[in-house]
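The chain below stands alone and is given as structure tokens, in the form predicted alone.
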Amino acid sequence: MNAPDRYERFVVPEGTKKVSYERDTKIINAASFTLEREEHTIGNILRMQLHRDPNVLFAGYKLPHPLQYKIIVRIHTTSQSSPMQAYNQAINDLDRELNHLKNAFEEEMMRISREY
């Protein structure tokens, strides 16, 4: 078969950045972030987190092609923020949220294991 090796979906090639930033030249406070070796799971979570920010006017993502393992996240913000600030804030918020979820899960597992 002509299918690429499975590891190519996850392993970022040497010399390739995980995240790259490209400023939009036509729209003020707009930019695109390319995330290598990611797909809909991260794209949708990041998009939804960006929508929670009141300074974000638009946030969306696309997969350019099914055999290209990357997503392009597009962010347009108000003049009070920049796309880079919104992106970093969304990543930090998601990190805190996922850590809270992990800790709550582990605490509940410890509680249940003590009962049995």
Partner chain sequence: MEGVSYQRFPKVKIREMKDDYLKFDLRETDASMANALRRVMLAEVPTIAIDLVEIEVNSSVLNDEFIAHRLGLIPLTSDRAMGMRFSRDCDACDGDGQCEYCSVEFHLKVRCDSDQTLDVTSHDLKSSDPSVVPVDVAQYAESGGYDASEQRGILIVKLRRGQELRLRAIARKGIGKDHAKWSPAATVTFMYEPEFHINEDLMETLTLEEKRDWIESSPTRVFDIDPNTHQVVVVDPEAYTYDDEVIKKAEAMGKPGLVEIYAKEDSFIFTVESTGTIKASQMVINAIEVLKQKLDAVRLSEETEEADDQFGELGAHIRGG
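Everything numeric in this text was worked out from a predicted model, so none of it was measured. Numbering follows the first chain given and starts at 1.
Form predicted in complex with its partner chain: not shown, discussed below.
Quiz item: If you check in the model of the complex, is residue 77 within 4.5 Å of its partner chain, heavy atoms only?
Solution: No, residue 77 stays farther than 4.5 Å from its partner chain in the model of the complex.
Practice problem: Classify residue 99 as contacting or not contacting its partner chain in the model of the complex by the rule of any non-hydrogen atom within 4.5 angstroms, answering yes or no. | Solution: Heavy-atom contact with its partner chain at 4.5 Å: present for residue 99.
Quiz prompt | its partner chain contact at residue 28 in the model of the complex, heavy atom, 4.5 Å | solution = Residue 28 belongs to the contact set for its partner chain.
Quiz item: Going by a heavy atom distance of 4.5 Å, is residue 92 a contact of its partner chain in the model of the complex?
Solution: Judged by the heavy-atom cut-off of 4.5 Å, residue 92 is in contact with its partner chain in the model of the complex.
Practice problem: Taking only heavy atoms into account, state which residues of 21-40 are within 4.5 Å of its partner chain in the model of the complex, ordered by sequence. | Solution: Heavy-atom contacts within 4.5 Å come from 21, 23, 28, 33, 35, 38, 39, 40.
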